[in-house]
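Take a look at this one chain, the form predicted alone, written out in structure tokens.
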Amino acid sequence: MHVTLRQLDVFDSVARHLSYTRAAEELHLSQPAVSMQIKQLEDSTGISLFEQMGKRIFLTDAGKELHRYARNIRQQLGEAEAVLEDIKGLRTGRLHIGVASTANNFATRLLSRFVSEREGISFSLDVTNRETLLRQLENNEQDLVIMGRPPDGHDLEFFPFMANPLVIIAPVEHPFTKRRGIPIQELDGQTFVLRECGSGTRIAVENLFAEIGVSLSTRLEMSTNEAIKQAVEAGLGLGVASLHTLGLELGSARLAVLDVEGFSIHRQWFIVHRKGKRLSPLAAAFKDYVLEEAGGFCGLPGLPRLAGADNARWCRDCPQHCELESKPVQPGIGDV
């Protein structure tokens, strides 16, 4: 076979997306150019790598085998590049990071601080859901991922670096926003808007409610936290969200955080990579940066002081970043 690395890169992109169009967008090529590279690769191998059914394409058995080798080749080339970068130092390099949508707010600011101190560094950032992040880790598509704790059995290494407080949110006019110390049993029968089945937040909430015997009535399932916040604001139900996603909504009194006794879900953010993965010097430096700096990093910038609450409870190591000075309580925002 006379196969070029360019052909393997194009093939890998089409195989991952199962789309010539999306591969072309990712590689900044025209769709005919992508099709031509695949045809040349199939001519060189003497076998079809894709089959089309209707408007969709699928990998053939031969395509699946070649894709496995293509990923291994890319990984070995990445390791070779890492060795060379180790010799050169951290003057140049590219970082591939995946981030859970819930963590996007603070993760992008962490990444911004890291790259601002290192001229010549570039990066790609994919903000997506938990299921996609796990698939990316399995396929070795990202250097590092920031997400909630991954499930066991995925051959991953993960390191906690910051608390991830979950809170119950409501529209500001909801009767519960006027109360303090709401027994969690009073949520029995309340309608909730939640993330899709399989999300880390959904699993944690279902486990807690099942443990205390509270029924969870779900009117809507949403694939993004932004959609949940908008649905709650529109009065479609209560919601559960990471406090890290609520800065704008709480600051403008568009949503309220309920003070619910017994709603205690202790979660953390993790930085994750495949077990045994040889991190590039740049990826290793970013991992160390997150683990060392996140303890002094405020993940909740701009949050108002909640009634009767101390924001430093959520960000205990960096009270200087939290707005703890006295200010009027935002209407409808209860204690956390």
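All residue numbers refer to positions in the sequence shown, first residue = 1. This is a predicted model, so every value here is computed, not measured.
The discussion below concerns the form predicted in complex with ligand PGA, not included here.
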Proximity to ligand PGA in the model of the complex (heavy atom, within 4.5 Å), stretch among 231 to 239, 171 to 179, 109 to 117, 198 to 206: 198 to 206
Proximity of Val145 to ligand PGA in the model of the complex, heavy atoms at 4.5 Å: no
Partner proximity in the model of the complex: Arg130 to ligand PGA, non-hydrogen atom cutoff 4.5 Å: yes
Partner proximity in the model of the complex: Ala100 to ligand PGA, non-hydrogen atom cutoff 4.5 Å: yes
Proximity of Lys277 to ligand PGA in the model of the complex, heavy atoms at 4.5 Å: no
